[in-house]
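Below you will find one chain, with nothing else, as structure tokens; this is the form predicted on its own, and questions on how it binds or moves follow later.
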Amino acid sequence: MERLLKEKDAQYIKDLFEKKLEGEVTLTLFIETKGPNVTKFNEQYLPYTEEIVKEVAELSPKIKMNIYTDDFEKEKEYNIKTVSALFIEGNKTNKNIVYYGIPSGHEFSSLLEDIVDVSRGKTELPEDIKGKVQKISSSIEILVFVTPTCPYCPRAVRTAHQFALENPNIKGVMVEANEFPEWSEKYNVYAVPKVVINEGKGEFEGALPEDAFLEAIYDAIGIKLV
């Protein structure tokens, strides 16, 4: 396979990482090439997802990489739900910053920004938002359905992932809607970004500001945001 990153883009990212990365980050990728969950539709994406992870990991000595292929025991440890899952891990994460599907197109920027945040162990969310996120004691799973061509989707993904970095009770998950049409059908995804909180306890479309996004989470768990 030809390299996906052009030389000038790779150099830009390398310079970005040299300037902004602090601690180590591990990119942990799970892919399934066999089993009942794998379809021909999924198969066309898997090599590209793996190549993206490898090329990004090469751009900084602070980025480590683990790739597990058909390692079903390891998948249980991470509670993998589908055939392609990428975790961005650092000292302050708890297997809770996740990409299901290829982080390409506009979502590639989300990946880079997540790596920087995880490396630093903090986000740039406003302090009042951080405080309210950190108060959440319930287990929250946020699914953010996206497509690579959607310019508004990265904001929703980043918000979910920033919330997850600030609170280990929150799991922020990007789902590439085209790659997993069965999930899109299950959650009635007709436009992106589509955000689904705790299996439909809360949901909305669009890239809401952080405060409105957080209010939707509070509503989903039955607590008034004050």
Partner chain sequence: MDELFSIHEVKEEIPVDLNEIYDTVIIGGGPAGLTAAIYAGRFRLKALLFEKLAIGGQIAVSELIENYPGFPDGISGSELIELFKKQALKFGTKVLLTDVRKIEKIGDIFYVETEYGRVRSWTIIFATGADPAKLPVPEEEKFRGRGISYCATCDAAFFKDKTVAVVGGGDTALHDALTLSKFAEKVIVVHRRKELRATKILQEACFSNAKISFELEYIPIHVLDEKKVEGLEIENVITKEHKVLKVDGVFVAIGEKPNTELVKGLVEMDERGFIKTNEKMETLVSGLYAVGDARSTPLRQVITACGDAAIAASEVDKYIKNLG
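This structure is a prediction, so every number in the text was calculated from the model and none was measured. Positions refer to the first chain, counted from 1.
There is another form of the same protein, the form predicted together with its partner chain; it is not shown, and what comes next is about it.
With a 4.5 Å cutoff on heavy atoms, I102 counts as touching its partner chain in the predicted complex. Among heavy atoms of T149, some come within 4.5 Å of its partner chain in the predicted complex. Using a 4.5 angstroms threshold between heavy atoms, E75 stays clear of its partner chain in the predicted complex. Although the partner is absent here, L4 sits close enough that one of its heavy atoms falls within 4.5 Å of its partner chain in the predicted complex. Of the residues E215, E18, E24, E205, just one reaches its partner chain in the predicted complex with a heavy atom at 4.5 Å or closer; this is E205. Of the candidate stretches 27 to 35, 185 to 193, 60 to 68, 164 to 172, only 185 to 193 has residues whose heavy atoms lie within 4.5 Å of its partner chain in the predicted complex.
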